[in-house]
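Just so you know, structure 1 and structure 2 below are the same protein chain in two forms, each on its own as structure tokens.
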Structure 1
Amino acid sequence: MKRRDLLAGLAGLPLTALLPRIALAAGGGGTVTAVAATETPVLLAFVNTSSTIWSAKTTEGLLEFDHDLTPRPLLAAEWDVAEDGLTYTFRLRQGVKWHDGNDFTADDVTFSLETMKRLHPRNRSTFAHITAFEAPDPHTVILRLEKPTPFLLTALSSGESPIVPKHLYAEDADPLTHPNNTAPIGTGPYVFKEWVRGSHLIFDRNPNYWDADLPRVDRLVVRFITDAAARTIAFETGDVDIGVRTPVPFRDLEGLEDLEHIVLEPQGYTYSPPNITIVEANLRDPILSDLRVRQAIAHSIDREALAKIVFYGRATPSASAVVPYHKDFHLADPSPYALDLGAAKALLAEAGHPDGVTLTLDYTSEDQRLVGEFLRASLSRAGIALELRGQDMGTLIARIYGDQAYQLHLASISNLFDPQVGVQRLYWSKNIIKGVAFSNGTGYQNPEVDALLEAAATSTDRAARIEAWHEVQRIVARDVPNFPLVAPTWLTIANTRIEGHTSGAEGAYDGSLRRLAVRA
């Protein structure tokens, strides 16, 4: 059904039957409605990075960042980094309260950072060389390192390193399953109000926020709209105000560009550049543990056609998990396994599958389903049959990272501001941690890659770091534990009635939206 036909069919329904509105909260700031295509299993990015999109609304980090990644004060009012890069001192903002009324202190910071060093998919490597987390007084935090970490300061944002209230976490509490993950109490500009699964989230203005002038809206509503055409209609009709990471089908962007009340904003993705769409293989699986099978899959992938057909030309093909946005670190070499169906068939026969092989491919979103259907058609020509298996994000995380019961799965992997933070986790053997989402879920282990990653993580020589990363990309391209595909173009779609949604490098996604406002 075409979008105009769907819209006509729904025209006779009351608006509340299509996308029911939440009543406006008391106050003069108004309500802003955001849209999400999928529902995250948690709302706090403390130990599960699937939720950075909402985490920063309630729970803040030490710093925020301008569009050029220059740090600005947030929970840290001032900071100092020793010349040798081994001591970081933060003087915390005073008078800050948690949403439950307790005082924010340095103990909250040290507890949060120590826990993320153990359990956060990315901060396990980012914080690896911090040897001491000190709180000499309630408003000072000192981090001591055994080796430099040149990207450490940039990692201390709200979305990447949220500071949680230590007093809520009993000594025997498991941070992975803590209730604060789904009903977060933070210091942020918005207070968590309600989560109706499958429908919506509500965040209300924090009346006791440490910046008395912010936030400037009374209520932030998040609508979960899984149907792609319905998301586009919601923007066309003005029923939603904002969505991030190109939240509509790429085929609909041209039409939205022509609407006077819609803005397509490319800024706000410096901190977290466009993700790489990637297929990951379970190297524990008896079929996929054979390199020849993975090589056959690689020989069957046409990235250029995928970018053109599925993403309407608004994606950049990449055979590397380091996205092209990272111009220096990205290795632009093509895959060593060029599109060659004959070679793919020969490799399958050599691996003991002369009649082909059948594999499952897990996915979550509608966009991923389209990618999966493209891959199913492409790989079938080489004798590789894909059985597509859709599920919600929580089910996928449990299957991939908990039970490790999968063969292939589609993922959208964030590089963030440095590949050491966003990409190392995919290939570093020390990031194989059962139950921790978006880490090394493939089970890939290569001592040479480990050594290169660990050297790049502590080097203050940028050229040396770049060369180490180029070599990592060459090695994993040959080993193919996963199959990078494309980096889609990311846009924030916003109604012109709102402003302040893209005020820094973290944009509306990882940023707190604390400067968001409804135009007069």
Structure 2
Amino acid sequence: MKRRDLLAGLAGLPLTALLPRIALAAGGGGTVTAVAATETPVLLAFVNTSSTIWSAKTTEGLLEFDHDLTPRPLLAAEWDVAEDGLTYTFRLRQGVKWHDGNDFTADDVTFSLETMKRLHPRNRSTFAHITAFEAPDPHTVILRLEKPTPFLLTALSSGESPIVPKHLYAEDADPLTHPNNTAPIGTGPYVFKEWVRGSHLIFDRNPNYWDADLPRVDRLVVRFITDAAARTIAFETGDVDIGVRTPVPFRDLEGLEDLEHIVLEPQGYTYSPPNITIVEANLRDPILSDLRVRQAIAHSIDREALAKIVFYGRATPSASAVVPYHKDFHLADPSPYALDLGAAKALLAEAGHPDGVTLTLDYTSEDQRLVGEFLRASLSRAGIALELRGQDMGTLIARIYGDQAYQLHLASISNLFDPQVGVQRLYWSKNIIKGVAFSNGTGYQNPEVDALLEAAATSTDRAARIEAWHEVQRIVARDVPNFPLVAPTWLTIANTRIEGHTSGAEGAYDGSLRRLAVRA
């Protein structure tokens, strides 16, 4: 706590004491242009988690994280977690102001966390065990839990649990349609300026940011470029400076890598590691309910070839849905059903399909289509004919999770900061909920797996949690309700004229970019 105390102290110092440091850090200035393929529905991830990417730039959370997920102070200057994991105490940073000039207080924090417990798609369950949100004084917040939640602290990032200004939300305001969603007011380093839909976003430097040294750029522009090839060219010509999560076709990375003015930054993806590309089987389907058919499919998948051909080698094959980026939790064992077309055909024949089977593979989005086409070509060699069915997200979700009328589903599942939040939903039988997207869509039920998951969810012993998760991965690898394939490599592409974009686990995607600067 020593370092935190020091920081907390600094935050409380009068501004004049910091002046020499301002002089040192100032200069910089300039405009940084980021690129994004698509537009998020809103700009705030408060109750809409599809809108994380720009949220933290204006609206901060209590904590930020080192590359190894060690928490660092942000709006919380220091904190304490009781031994039993049931009480969390946060001392808030003082002198923080909202973009509209109001003071940031503990009431804002309790309001935000309570609202998210009601409406945030994930924090509904992450905060489920919190029974009380207390603000004993304007700079202290206490959370009381009925059961431990080992990943609670990690969930308090800017992207996952943004703190919004309570005074803007009237008693009866609906957070789902609140104007603050599209023109957010936060405590963050950048102030929202304009959003021209379909074109661009502009954020300006927050001149009253609580860290007087920061931010160091005057303006952050976001351009929406839907065409992938055009994004590559924009990097080449220097029209854009930064893009996250490999914003160009994998094909183009080699060319970009050779350019003097471009860096490919692999760091900054420990908070939200790359999604797992996965095929899920509907276990309610008469053909796929037969384990032998699923084993046959597993025997005909060549993950290395997929990574090499479709992702140009920029993907990590993974037979587990817990991606290798979760170093401790990931089980590196290969699939028990290795690539073997003979075995696949034999299993199919044994299951009563000597002439092969025809299965439908549902997917959405253009990137998935190529994976689907690769799978169709590979599986056809084992006598499994895949019919691809592309659709928009709404149709897909209605089909897979609503009607549960599908056979195979090609998905990209985010792991998030803890497998309990990202991966558990795929295998926990209580997550078989009709109509809820990206839950347990296969209908997989295994009491042994349920018990292991539930124990890990409330355990404060990290080693025990890791062991439980390894066991879960061994069991589901045998049962094959789904076929994890690869985790595509996520890279931040940046122009060398900027720096400070990747300063922790959250990187430029989940992070606030508050240390971003144009090189002198």
Partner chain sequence: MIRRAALHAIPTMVGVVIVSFLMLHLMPGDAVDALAGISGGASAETVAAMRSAYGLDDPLGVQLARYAAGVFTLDFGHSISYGAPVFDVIVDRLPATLLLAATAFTIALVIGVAAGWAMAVFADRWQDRTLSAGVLFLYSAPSFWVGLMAIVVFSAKLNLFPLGGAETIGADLTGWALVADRLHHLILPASALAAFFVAIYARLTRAAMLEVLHQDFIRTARAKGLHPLRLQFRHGLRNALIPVVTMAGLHFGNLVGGAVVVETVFNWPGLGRLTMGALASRDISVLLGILLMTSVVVIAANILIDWLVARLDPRVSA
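All values derive from a computational prediction rather than experimental measurement. All residue numbers here follow the sequence of structure 1, with the first residue given the number 1. Between two forms, the rigid core is the largest collection of C-alphas that superpose within 1.5 Å.
- The second of the two standalone chains is derived from the form predicted in complex with the partner chain.
- Comparing the forms between structures 1 and 2 on their rigid core, the Cα displacement of R231 stays under 2 Å.
- Comparing the forms between structures 1 and 2 on their rigid core, the Cα displacement of D285 reaches 2 Å or more.
- The rotation of the smaller rigid part against the larger one between structures 1 and 2 comes to 26 degrees.
- Superposing the two forms on their core, we find that the Cα atom of I384 is displaced by 11.1 Å between structures 1 and 2.
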